[in-house]
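Only one chain is shown below, in structure tokens, and it's the form predicted alone.
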């Protein structure tokens, strides 16, 4: 392992009695990198988070945060955590909450309070948290997590309760933090939401790391097909189908699939149809496709 990574996990195993919740997982997160931790309920994501935070002790393997062990004073200063369900004292105001956590982290409240503006709730700073909506509480949670410019952010379903506009603003804040050097490890079930907002993907299933890498790399490794939908010119769908094969759709279109390495050849073949083609739509494998593929693997690597 290297201390150049903010988070370094090597062959980590965590057990609860006879149950192995995390099984030999190795993973790194570098400064400024955004990594999505994906997996079904019970896959081991929360257990991994709790181990990073120092709440659980591994049965085997190693884990370090910037070269120090989880739970140490240095690790606590380096890591911030935002759970799916944030809870703050309802009688305190947003400004009081941020002031309290700033003092706990040894940060000047004056330096922390501008974070309310960053997350978009500065106008509610003097209101009691009990009057906040769920989305506002989640924004306050993000502000609290950003106090002191942590080196690593752990985010567990962080956009739960946020509307689409607020979600986009949330990820804008995360992007700014990552550009400033903060590493982000993000757990989410909203695959389409995070697809273009992360650098790498790590997929857990039954406690094991099934796949890790950039979306394009995982898609290529899996051999997932590209889907091409061809809208035929009026009265030419039969000719297009006869030439290309594939599947007829809606009486006007034909759908064919090809491997990524055959895409150029497939498009060249389409060009030969000339005016018989009215339109073309190309759909590359998305994060949902990649996740379904890898999370459906058995321990030995065969599909279930």
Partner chain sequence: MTGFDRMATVATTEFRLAFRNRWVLLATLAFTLFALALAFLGSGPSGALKADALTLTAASLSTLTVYLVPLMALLVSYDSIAGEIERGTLALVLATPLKRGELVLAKFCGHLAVLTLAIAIGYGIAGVVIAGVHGADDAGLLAWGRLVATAVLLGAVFIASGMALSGLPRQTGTAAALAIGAWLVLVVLYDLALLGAVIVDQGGVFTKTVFPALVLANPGDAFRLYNLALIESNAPIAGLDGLAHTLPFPVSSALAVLVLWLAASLAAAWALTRRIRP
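Remember, it's a predicted structure, so these values are computed and weren't measured experimentally. Positions refer to the first chain, counted from 1.
Beyond what is shown, the protein has a form predicted together with its partner chain; the following relates to that form.
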Tell me which of 90 to 98, 203 to 211, 190 to 198, 224 to 232 has residues with heavy atoms within 4.5 angstroms of its partner chain in the predicted bound form? 90 to 98
Examine residue 143 and determine whether its closest non-hydrogen atom to its partner chain in the predicted bound form is within 4.5 angstroms. no
Does residue 181 reach its partner chain in the predicted bound form if we count a contact as any heavy atom within 4.5 Å? no
Hey, in the predicted bound form, does residue 104 get a heavy atom within 4.5 angstroms of its partner chain? yes
Please tell me whether any heavy atom belonging to residue 263 falls inside 4.5 Å of a heavy atom of its partner chain, as the geometry stands in the predicted bound form. no
Of 86, 215, 113, 124, which one comes within 4.5 Å of its partner chain in the predicted bound form, counting heavy atoms only? 86
May I ask you to choose, among 59, 239, 68, 53, the residue with a heavy atom within 4.5 Å of its partner chain in the predicted bound form? 53
Across 62 to 86, which residues bring a heavy atom to within 4.5 Å of its partner chain in the predicted bound form? 73, 76, 77, 79, 81, 83, 85, 86
